[in-house]
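Below, in structure tokens: the form predicted alone, a single chain.
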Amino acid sequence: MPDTVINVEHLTRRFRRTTALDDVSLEVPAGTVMGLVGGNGAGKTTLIKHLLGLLKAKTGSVRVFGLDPVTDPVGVLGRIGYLSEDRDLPQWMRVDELMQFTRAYFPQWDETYAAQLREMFDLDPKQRVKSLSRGQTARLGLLTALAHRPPLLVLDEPSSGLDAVVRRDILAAIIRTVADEGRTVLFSSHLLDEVERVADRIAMLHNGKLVLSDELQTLLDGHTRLTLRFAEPCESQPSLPGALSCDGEGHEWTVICNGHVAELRTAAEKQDATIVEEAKPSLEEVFVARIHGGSRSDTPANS
């Protein structure tokens, strides 16, 4: 398997007057978990459709395992496990029938592993898909994506609409898969706390543009959250050079900055402000600062 599993170069995709992807270039190294984050309409699903060969690159190029997924779908799709947000499974089949049906498409299907996953996910082999709960359907979709042990796992909003227990089970299965076998995972989600738990690299999309791509720890270490207390209350947002976002009121304001801490400290001192707390922000705080400038009302989940 090549060192780079996914290689996207200068990919642009337009739908009439809407630019879904704007000159996106992205590499996903083998054996990593890439978290693909962005609000609704950011371009995440459009990018994934290009990786699966469902859309043909009109500008730029897409390679998966060094192959074009449009011209060589067999060489690409046979090595991908895919779980979509829709989880569109044949409703009339039983669980065991769907497992056998899916097995026919993948020569590498591991029957023992599939049975282990079915037991772990507590799925009744005789139950009809149409009678499964939303969480059970998600587990069954993940089973069919994992059981042929694909070198690349593509998950498009796998936790969407699921309760906390099911989300935990799905994340545990993903983490176990990566830890045990070193597969590559592209994990698209707007639930940034979950992405932060499983990803080691982050790609951030906004309005079709790739605004950030780096190792998760490097990204977090490169940002700082400062809480400032001003001697006099600020009636409007203070002007602080180097700040990506500034949120608060009156005497106390919280600032997210990226590599400009010294500059911000100097500006704060000149405005009679004291730094009362300094910490590393969460991935969600970095996202909001980068994309929305710190507005509390415009979070990833609602965008």
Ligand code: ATP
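All residue numbers are counted from 1 along the displayed sequence. If you're wondering where the values come from, they're calculated on a predicted model, not measured in any experiment.
The same protein also has a form predicted together with adenosine-5'-triphosphate, omitted here; what follows describes it.
The stretch that touches adenosine-5'-triphosphate in the predicted bound form, counting heavy atoms within 4.5 Å, is 41-49, out of 260-268, 27-35, 41-49, 240-248. Under a 4.5 angstroms non-hydrogen atom cutoff, adenosine-5'-triphosphate in the predicted bound form lacks Ala289 among its neighbouring residues. In the predicted bound form, Leu283 stays away from adenosine-5'-triphosphate, with no heavy atom inside 4.5 Å. Contact annotation: Glu85 falls within 4.5 Å of adenosine-5'-triphosphate in the predicted bound form, judged by heavy atom distances. Within 4.5 Å of any heavy atom of adenosine-5'-triphosphate in the predicted bound form lies no heavy atom of Arg79. Here is the short version: of His190, Arg118, His223, Arg167, the single residue with a heavy atom within 4.5 Å of adenosine-5'-triphosphate in the predicted bound form is His190.
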